[in-house]
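Okay, here we've got a single chain as structure tokens, the form predicted alone, with questions on binding and movement later.
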């Protein structure tokens, strides 16, 4: 399989297909600057984004299960068609499905571009009776990672869905981490019966378990990782909401695929359609974009 993928989609020095953990097929991307990324076909899951100096920007738990039918804990899980719990498996089925490579390329400016796709199959139809087509396109630059996320209704009946790019950022110390840009936004506190409040803090800082949905939020926020002297700009379009999450101590102990002591090294800042579902009529398409950019 890897050889066939390499022959069809590999690009010398830029896109290489290799066996990842437990033999799962992956795409290793390398920008001319030295920046890199790793994407598993399992879940179209970006598990690594590194700077030209080789510094890792994403968190993946050492306890994560890299296995068919299991989600990967960390990186960027692709959520569809259900954010959170409900009738489907937690966060839906896209993150535990095997995606197909659609195309690869190198843009004129040097960005490495890859796209993966997923559509309905007997397993998804047994859980959710709707034909669909998903596409995730990733573009790796010297200091940026851009993601285009598309969902299309290919069936004959309308469907509603929620979705997200559930991004785990690696930080040096969650207690020395701040998120800026959400002051004045309505937040839903999922730890307190979904109570709605207005965020009053200019800087959101962390000293306990946090699980907020910020609805209809601005399209740009800044993640400040003081321990690594790093600033990351997160920009979105077509995705109205953010989720900001850290499990802290007790929830970390309850998650079997997350190390008990790992919570200080991660913060999830997720973009997507999470507060309210969106509906696609037959033939309609939704598109959301997210860009991560190193500012310092």
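Positions refer to the first chain, counted from 1. The structure displayed is predicted, hence computed values, not measured ones.
The next section is about a form of this same protein that is not shown, the form predicted together with a small molecule.
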(message) Please tell me which of 93, 159, 206, 83 lies within 4.5 Å of the small molecule in the model of the complex, judged by heavy atoms.
(response) 83
(request) Could you check which residue among 139, 187, 166, 130 gets a heavy atom within 4.5 Å of the small molecule in the model of the complex? (result) 166
(message) So in the model of the complex, is the small molecule close enough to residue 211 to count as touching (4.5 Å, heavy atoms)?
(response) yes
(request) Report yes if any heavy atom of residue 73 sits within 4.5 Å of a heavy atom of the small molecule in the model of the complex; otherwise report no. (result) yes
(message) Can you work out whether residue 245 and the small molecule are in contact in the model of the complex, taking contact to mean some heavy atom pair no more than 4.5 Å apart?
(response) yes
(request) Using a 4.5 Å heavy atom cut-off, state whether residue 270 contacts the small molecule in the model of the complex. (result) yes
(request) Name the stretch, out of 101 to 109, 151 to 159, 84 to 92, 219 to 227, where some heavy atom lies within 4.5 Å of the small molecule in the model of the complex. (result) 84 to 92
